[in-house]
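Below you'll find only one chain, the form predicted on its own, shown as structure tokens.
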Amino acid sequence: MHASSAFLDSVPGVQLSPALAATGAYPFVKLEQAKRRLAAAGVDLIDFGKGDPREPTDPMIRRALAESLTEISTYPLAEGLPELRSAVAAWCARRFGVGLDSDTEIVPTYGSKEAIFLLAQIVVDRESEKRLVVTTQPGYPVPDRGATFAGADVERLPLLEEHGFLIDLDTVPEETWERAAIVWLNYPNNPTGAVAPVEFLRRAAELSREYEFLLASDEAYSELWFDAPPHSALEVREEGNVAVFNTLSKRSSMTGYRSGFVAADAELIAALKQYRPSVGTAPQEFVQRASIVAWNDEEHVERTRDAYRRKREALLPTLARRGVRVAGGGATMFLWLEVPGAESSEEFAARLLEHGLIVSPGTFFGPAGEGYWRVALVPTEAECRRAAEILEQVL
């Protein structure tokens, strides 16, 4: 067998994709393995690792789902329910002041992760010279992995603190723009919490038109913020070739529901509608009906933001006293922190793990994450206060 990984070598007689070996293990699988091992040893854990919200899904959303369960189920259509598309369009108009055609410019998705992973399969011609997918690091690994499986080339641009964790658009080589089929943005940013000014988004959109690439914007954290509501690439869609991905996972604490959307021009949405039946990733109809309720309500989102704010405030005073600098921005459900002292980010995370605190080393998000660590504000407020007491002793 030609594949190089131990896993592939352990499947005799089966030729597996080299892309699987190239991508390696998903970083948070390592955290889950460590979590199970320590829990089995009786260690009391507080898990700030994976960004999986544990805030309760609002009762009205759960009721809507239960009331939509029918005796007979059918395959959901890839284009989604018209009522859901209309609810998404109405939310985009209220939140960002943009008008979208719910019939031609929106498609519901199974969360946003699968749509982000699959985008390169729709957009990239692997036989073309223009087959580059540009991503950022530290960052969410799914766009890179999707591009690799689609046979695209991948270039990861660094997000540096001195530039506010924004791509330094002026220093990107022209060759990169010329070869790009997709350029990915993620603001508010995971893991740094950085927020993109509308001027940055406008310049990126202008570049997408000038060099004929798709500007794909992952905005999963657009509704989790502490200072001011972040901007969306939807606001500059007239300036270039823009596709926006959003989801109810974080906004409405609905990770298990798997419900999101893509908003883009009619041509790309038509291509997505053509492709998606082949992979069967449309949300179930009862989930779509619950999603309509979620997109139509803001009060539960305000309560969610308040919950994350309280948890953040439970940790910040201790971190400040112990000399840990908050390096990231004022949005998302994450704290992006500088590693104190001379330890590497993985050594530091391993030391906290010994005291029952699971955090993510910055290198989980790419080499540019070295020197930082990420805290996902998903434990309860009481657990955050207990974690602050532990940090007071070990930092």
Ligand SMILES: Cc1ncc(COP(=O)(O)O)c(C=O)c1O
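For clarity, every value in this text was computed on a predicted model and none was experimentally measured. Residue positions are given as counts along the sequence shown, with the first one as 1.
The form predicted in complex with this ligand is left out here; the points below concern that form.
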Practice item. Spot the stretch among 220 to 228, 293 to 301, 146 to 154, 129 to 137 with residues whose non-hydrogen atoms come within 4.5 Å of this ligand in the predicted complex. Key: 220 to 228
Practice item. Work out which of R203, R312, R289, K113 lies within 4.5 Å of this ligand in the predicted complex, going by heavy atoms. Key: K113
Revision key, fill the gap. If we test each of T281, S249, S102, N241 for a heavy atom within 4.5 Å of this ligand in the predicted complex, the one that passes is S249
Practice item. Please state whether every one of the three residues N186, N190 and R258 places a non-hydrogen atom within 4.5 angstroms of this ligand in the predicted complex. Key: yes
